[in-house]
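Single chain ahead, by itself, as structure tokens, in the form predicted on its own.
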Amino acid sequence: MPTTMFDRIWDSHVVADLGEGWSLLYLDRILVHDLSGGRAMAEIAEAGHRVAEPSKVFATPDHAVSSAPGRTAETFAKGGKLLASLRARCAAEGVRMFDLGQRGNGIVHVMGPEMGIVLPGVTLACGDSHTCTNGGVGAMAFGIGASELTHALATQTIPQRRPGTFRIRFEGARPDGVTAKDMILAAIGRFGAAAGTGMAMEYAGGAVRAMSLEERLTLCNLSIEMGAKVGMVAPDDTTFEYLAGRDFAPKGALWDAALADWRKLPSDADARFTRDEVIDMASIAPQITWGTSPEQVSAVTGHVPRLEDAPDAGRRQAWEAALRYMGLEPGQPLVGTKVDWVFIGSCTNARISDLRAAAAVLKGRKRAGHVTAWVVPGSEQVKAEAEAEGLHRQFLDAGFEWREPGCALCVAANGEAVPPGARCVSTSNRNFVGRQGTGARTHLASPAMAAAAALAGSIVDVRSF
């Protein structure tokens, strides 16, 4: 029977059928971070248990640590307490932790693939909704809640309801200026923020096969913004070249055996999906959000929607609320909207290829005087690579702040926030009310678009640069 990649991985990890569509799944990897990892392991200890398989658990502080240059664990006091807890529990349980300043430290969804911890065909859970990012290497990765994380750590299993499958095929040549971020934002705008609810996404088509591995991670990152817990791209030679030689990837004969298994993972040519859609790449231009949901997005050359164009009363009400919060008028062009902050970072767009793309736009230019601009590398490895290439000097020369790895302004859980009322073009994944700080107004875009906005001091079409 023709089978999807998702079904292959799911079926091979079922420990028990729990009935009514639920299964108990074995987890090959668990990733933990500072916001919830220490607490979850402490709860296990208080209940008289231990982490079941510590060799398959990996920890990194990212959410609550300061990104200030020269930061220490104590730079942000609340984050320091969480970090101390994570350190203590990892030491007690024998869990591998990548601490501040160490190779391997960084945003949890950046360091996992770059260290080879995440591999094709594995099941992976983490207490963070953007765990779906890791599906870019062909893994079945998903976020879980606090109580689920405790269960997962104590048993190396997790009960899950089997989702349907939703494939989006991106076909055709990629237009100038269009990035993976633009592709997934365009898909969310077209199908809606709830389209993937109860689904596992698979991204396919010629434009996806032509992507780098890091671009595939960006594509999968926003699967949760379409309502899906899982996003995946079939592994291929691009995947294998990326993973070869990574710290935790198989070596020697084990690599050869793993490669043979990984080549069997892609969906069969005649596999059936619950939903199957095609997007013509010629229809996609550089995107930017205008509202408070990733589905409230437009080509940068477009305009804020007019309320009378809303398809129903509910949508009109949502648009009205979003425009009030964002300080925008119905029908106004997006280009030319003044920008106060620019943030290049997050698990969506803080990899070395993202920083190269932004630096290429900035080269030899200066940010607008009224713009505060930050670059936050996704990991210590990304930071080291960028500095070795001199990218940090390009950012500094352009008037950006070059900061330490972490989540930073994406979620504002570390004491760093965009000021109330300030407008920020951000390479992160969420533009919800208050996401980057109380009253902050967020426009999601690609690294190149964000860099261009910093130069212009306003929303601008990167293709004009």
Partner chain sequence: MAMQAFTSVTGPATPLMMANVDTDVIIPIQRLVGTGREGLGPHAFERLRYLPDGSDNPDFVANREPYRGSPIMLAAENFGCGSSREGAVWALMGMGVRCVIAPSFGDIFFANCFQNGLLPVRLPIEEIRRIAEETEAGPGNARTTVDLARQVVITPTGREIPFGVDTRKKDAMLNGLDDIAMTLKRADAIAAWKAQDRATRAWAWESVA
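Residue numbers count along the first chain shown, from 1. Here the structure is a predicted model, which means the values were calculated and not measured.
What comes next is about the form predicted in complex with its partner chain, which is not displayed.
Exercise. Which pick from Ala84, Val335, Ala154, Met281 sits with a heavy atom within 4.5 Å of its partner chain in the predicted complex?
Worked result: Here the answer is residue option Ala154.
Exercise. Which of these residues, Leu119, Ile288, Ala141, Leu355, gets a heavy atom within 4.5 Å of its partner chain in the predicted complex?
Worked result: Comparing distances to its partner chain in the predicted complex, the residue within 4.5 Å is Leu119.
Exercise. So, Arg29, Arg39 and Ala258: all three within 4.5 Å of its partner chain in the predicted complex by heavy atoms, or not?
Worked result: Checking in the predicted complex: Arg29, Arg39 and Ala258 are all within 4.5 Å of its partner chain.
Exercise. Which among 98-106, 347-355, 364-372, 221-229 is in contact with its partner chain in the predicted complex, heavy atoms within 4.5 angstroms?
Worked result: Heavy-atom contact with the partner occurs in 221-229.
For this session: Spell out, yes or no, whether the shortest heavy atom distance between Thr197 and its partner chain in the predicted complex is within 4.5 Å.
Result: Yes - in the predicted complex, heavy atoms of Thr197 and its partner chain come within 4.5 Å of each other.
Exercise. Ala47 near its partner chain in the predicted complex, any heavy atom under 4.5 Å?
Worked result: Because a heavy atom of Ala47 falls inside 4.5 Å of its partner chain in the predicted complex, the answer is yes.
Exercise. Hey, in the predicted complex, is Ser298 touching its partner chain, heavy atoms inside 4.5 Å?
Worked result: The answer is no: Ser298 has no heavy atom within 4.5 Å of its partner chain.
Exercise. How about Arg306: is it within 4.5 Å of its partner chain in the predicted complex, going by heavy atoms?
Worked result: No - in the predicted complex, heavy atoms of Arg306 and its partner chain never come within 4.5 Å of each other.
Problem set entry | Residues from 364-386 in contact with its partner chain (non-hydrogen atom within 4.5 Å) in the predicted complex | Nothing in the stretch sits within 4.5 Å of the partner.
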